[in-house]
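Single chain ahead, by itself, as structure tokens, in the form predicted on its own.
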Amino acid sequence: MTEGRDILYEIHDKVAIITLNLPQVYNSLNNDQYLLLGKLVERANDNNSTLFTLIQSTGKYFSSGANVKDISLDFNVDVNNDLEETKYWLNNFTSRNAYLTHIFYSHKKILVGALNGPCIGLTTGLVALMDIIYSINDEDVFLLAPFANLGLVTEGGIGYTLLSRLGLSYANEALLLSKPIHVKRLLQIGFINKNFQFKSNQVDQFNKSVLKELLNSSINLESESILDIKEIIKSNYLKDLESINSKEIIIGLKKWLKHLPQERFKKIASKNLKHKL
């Protein structure tokens, strides 16, 4: 886990920019890297000079979610001791998810995602918590919530956010059947605010255009009013989101203690089970 290498942080005018910079592994994140992402979002939240927090990526994927190979190394837990096993999964996975989800939905600034490619798993849940979402003009851009494929339940509050942003039918298809939702449909539904006309090998230009869009769109607007309006909007759904986050954590812990996701992650890592991708 290295800030300045794995995940980058910089301030440009009134935008805090966080860049996932692990293109060689499709911006999949291990436990420590997810925690680093959370700490950087917190840092942006506390910066009094910014209005936007922009999360972007490098390479072909926005994020392929959890690093499966890294997770497979964390299964050497004493399964003969129920207390230690419960403590282990709480510390390493479920509490991390609760922490990240809370950081994202309690963020004071305007949280913006720039989807340069597919987004999978927990990161999809985090993207669904963002205020404004942009995408590159690539038919390969999609969201995937493969929790049923992994023996898990929804994470990152996505059990609430996809329902509210996509509607019941599309949310059921995405969550219950682990079906990808492609950029064309996301645009039609209104999940994505704007699609930029760049190809997958033009990620740098795409990221620069998103930054320019944010700066131009906020000219002559009062920042304090923008942030106050966000809080008013958020008050409509915050209690429901907090409730779903709690349910996801508790039910998710039970899945780990039943060893369902461990076995499926191992099979995927060894290519004995086909990933939903």
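The first residue of the sequence shown is number 1, and the count goes up from there. A quick note: this is a predicted structure, and the numbers were derived from the prediction, not measured.
Omitted here: the form predicted in complex with a further copy of the same chain. The next part is about that form.
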{"property": "Per-stretch contact check against a further copy of the same chain in the predicted complex, the hit in 197-205, 159-167, 118-126, 136-144 (non-hydrogen atom, 4.5 angstroms)", "result": "159-167"}
{"property": "is_contact(Phe52, a further copy of the same chain) in the predicted complex, heavy atom dist at most 4.5 Å", "result": "yes"}
{"property": "Contact test in the predicted complex: Ser64 vs a further copy of the same chain, heavy atoms, 4.5 Å", "result": "no"}
{"property": "Partner proximity in the predicted complex: Gln56 to a further copy of the same chain, non-hydrogen atom cutoff 4.5 Å", "result": "no"}
{"property": "4.5 Å heavy atom contact, Ile110 and a further copy of the same chain in the predicted complex", "result": "yes"}
{"property": "Partner contacts in the predicted complex for 217-252 (non-hydrogen atom within 4.5 angstroms of a further copy of the same chain)", "result": "Ser217, Ile219, Asn220, Leu221, Glu222, Glu224, Ser225, Ile226, Asp228, Ile229, Lys230, Ile232, Ile233, Ser235, Asn236, Tyr237, Leu238, Lys239, Asp240, Glu242, Ser243, Ile244, Asn245, Ser246, Lys247, Glu248, Ile249, Ile250, Ile251"}
